[in-house]
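Next up: a single chain in structure tokens, the form predicted on its own.
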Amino acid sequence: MNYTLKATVAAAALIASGGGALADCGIETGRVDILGNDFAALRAVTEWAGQCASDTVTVTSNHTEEHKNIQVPALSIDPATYTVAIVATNSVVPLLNADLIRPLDDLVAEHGQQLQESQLIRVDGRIMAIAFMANAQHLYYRESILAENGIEVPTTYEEMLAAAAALREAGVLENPIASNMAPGWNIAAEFVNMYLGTGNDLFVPGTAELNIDNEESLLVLETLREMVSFMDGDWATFDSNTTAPIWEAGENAIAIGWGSRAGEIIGPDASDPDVAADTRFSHALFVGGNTIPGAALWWDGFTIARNISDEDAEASFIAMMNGISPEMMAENAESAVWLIDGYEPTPAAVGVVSNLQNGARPYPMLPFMGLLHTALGDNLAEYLQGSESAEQALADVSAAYRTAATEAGFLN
């Protein structure tokens, strides 16, 4: 399979202009059941899709962080539990590998006039997903805290660690840094982010062979361990839902966070208006003398289940067109970096846009990438906790990946 979405394509979408309006949903009958992750931008999309509900059309949505674990079994039965799976760069791969989502070419031709070419995710020439927002992790910082202590805004991980040391030494903050370091998916994402920033590839090009037994991996691990030394002792529980309230409570001055969360952090509903007003964003940090942001570029989009009727598939596609309409975007401009026609970047989009402008690399959309992500998530915590060496951690990752990739037929 040839999975493609280039950073340059997403960047082009950010500067597009214009847009049209949907007259109405135009669905006569059908069911629309949507599964997706749980954050503001996706809730906005499904709320607008829900406007298509009527006496003859049902629309439901399930937002949960467990969506990646639910989607394959839920779409494997016939009829599928969900007609729509909202996915990201990585979570679409298991659905593709199991042949659980349908090509969208006919639906795009009939109902997708509002879509831009850059939103069409093609696999082996067929449209398999519709992208509607870009996402990436980047720097959050408290402008006043850095300025009052004579600290420049960090542009590298090395500068961030130096800033954290200065703030701790001055007694300003004991734990100046926050980042999503929970073992599992989050810590694996942090490794991938920074590794991509080194400029190296995770796999030997054109193969499923790993390419992480090198100095770049050691640098990434050492940097991650230094970061946790400036974080709260509960760092192993940190994901986006735990770091956000800590940030809003004013307990940190520097953080690595998702662009999709930035709008909530500085928005009118933020728990502390002073912290919100003082929060600024910048591109993901560079590492090791490189000038590539240490953050993978992601897209979020939707797919339509294969094991449903054509009537439900059409109803679901039309409802999602309403969900990602320019009108929805206008009402929720701060919630995401939208790939929808007419998008104008907002203050909350500064970090993701800066990542794009500085050449952030896409998350590898490869059939075996999920196996590496799992192996990383399962085998880095002991190193960060100081109970094993970096070399042993990498050896454990490699062994776990090789076993999984061999069982899956990617390696001999």
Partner chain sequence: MPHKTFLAFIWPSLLAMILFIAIPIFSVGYQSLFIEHEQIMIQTETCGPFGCTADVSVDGAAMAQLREEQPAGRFNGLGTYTNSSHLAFDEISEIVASSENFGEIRNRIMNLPFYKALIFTIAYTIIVTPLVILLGFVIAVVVNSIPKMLKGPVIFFSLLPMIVTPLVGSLVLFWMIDSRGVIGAALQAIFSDPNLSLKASVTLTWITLFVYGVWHSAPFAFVVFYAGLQTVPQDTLESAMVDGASRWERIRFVTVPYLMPLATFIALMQLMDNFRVFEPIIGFSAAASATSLSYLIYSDLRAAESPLFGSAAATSMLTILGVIILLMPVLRRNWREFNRKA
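Residue numbers count along the first chain shown, from 1. In this text, all values refer to a predicted model and were calculated from it rather than measured experimentally.
The form predicted in complex with the partner chain is left out here; the points below concern that form.
- The candidate spot formed by Leu96, Asp99 and Gly233 is fully in contact with the partner chain in the predicted complex: every one of the three has a heavy atom within 4.5 Å.
- Although the partner is absent here, Arg31 lies well away from the partner chain in the predicted complex, with no heavy atom inside 4.5 Å.
- Mapping the unseen interface onto this chain, Thr374 counts among the residues with a heavy atom inside 4.5 Å of the partner chain in the predicted complex.
- Within 4.5 Å of any heavy atom of the partner chain in the predicted complex lies no heavy atom of Arg142.
- Residue contact with the partner chain in the predicted complex: Phe368 places a heavy atom within 4.5 Å of it.
- Residue Val123 is the only one of Val123, Leu115, Ala313, Leu221 with a heavy atom lying within 4.5 Å of the partner chain in the predicted complex.
- This chain appears without its partner; in the predicted complex, the one residue of Glu159, Glu251, Asp106, Glu334 with a heavy atom within 4.5 Å of the partner chain is Glu251.
- Only one listed stretch (374 to 382, 41 to 49, 340 to 348, 54 to 62) carries heavy atoms within 4.5 Å of the partner chain in the predicted complex, and that stretch is 374 to 382.
- Applying a 4.5 Å heavy atom cutoff to the partner chain in the predicted complex picks out Leu297, Trp298 from 269 to 298, in order along the sequence.
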